[in-house]
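Here we start with a single chain on its own, the form predicted alone, put down as structure tokens.
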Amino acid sequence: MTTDDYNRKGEKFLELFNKGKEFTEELLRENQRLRYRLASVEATGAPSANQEEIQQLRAQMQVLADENRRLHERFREVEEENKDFATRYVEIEEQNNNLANLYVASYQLHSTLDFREVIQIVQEIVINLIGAEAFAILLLDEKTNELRTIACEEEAPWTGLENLTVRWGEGVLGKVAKSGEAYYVNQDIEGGEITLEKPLAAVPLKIKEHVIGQIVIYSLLQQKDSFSAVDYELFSLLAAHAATAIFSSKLYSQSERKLNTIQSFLDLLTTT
């Protein structure tokens, strides 16, 4: 069901409530009129004709009471449906916001080929959208087969992240890099103890099946208790899109440096 469908349903509920309110007020007025009429007839103390009218009035009042009871029951049902509708509406609004965040994050990652800017964008996504407080971004050094920190945010007690080094296949982080499978503490560690080697989350940055780096999260912002559904979507986005953006910007930076070196060499030749 789309947002427009829920809007139409909300309008229908509002219309039903308004009609119900009018009908209830009418029932109350009619009930009051009958009660007044019944009291008047009983007060006259007339014989059988009045007794027959009294019976009719009482029967009408019973019908009204039954209708009022039925209406209240329907109101309770509608109220429950309305609560469910309101909950679903909030969920849809949250999903829409999450989709917007995912779109913005994806767009930002591919908006530049400057390596430093790409890393800065990844940091902003991890901080602002995921809500990480202490984390490190690691990149694979293929010469040494180690992952080293290229950017980080440190908060006590998580210090020394700028010097974090991970050997391929060793420990939790090394195994994440080797397997290419993301790691989350609540899935893999009993007791939930967080250490440098066993963080809250470790997300490999992959191009197809080739791991080029890793995002390691150690703590979340104070107002955030745990990862949400959209966080896992962001992790999946980062695993692919951030990896592509980082790899492309790194290649571009390397090629640009080489071109500048060649151009400087050619300039030197032409001036001699």
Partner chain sequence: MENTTFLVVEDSPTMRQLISFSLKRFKNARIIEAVDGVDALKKLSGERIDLILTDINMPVMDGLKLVSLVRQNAQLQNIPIIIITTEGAEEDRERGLALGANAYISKPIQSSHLIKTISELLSTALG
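Small disclaimer: the values here were computed from a predicted structure and weren't measured. Positions refer to the first chain, counted from 1.
FYI, the form predicted together with the partner chain isn't displayed, but the following is about it.
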May I ask you to check whether L221 falls inside a 4.5 Å heavy atom distance of the partner chain in the predicted complex? yes
Given that the partner is absent here, does G131 sit within 4.5 Å of the partner chain in the predicted complex, heavy atoms only? yes
Classify I125 as contacting or not contacting the partner chain in the predicted complex by the rule of any non-hydrogen atom within 4.5 angstroms, answering yes or no. yes
Classify F75 as contacting or not contacting the partner chain in the predicted complex by the rule of any non-hydrogen atom within 4.5 angstroms, answering yes or no. no
Full three-residue contact with the partner chain in the predicted complex, heavy atom 4.5 Å, for N96, Y103 and I121: yes
Look at the stretches 171-179, 156-164, 143-151, 105-113 and give the one with heavy atoms within 4.5 Å of the partner chain in the predicted complex. 105-113
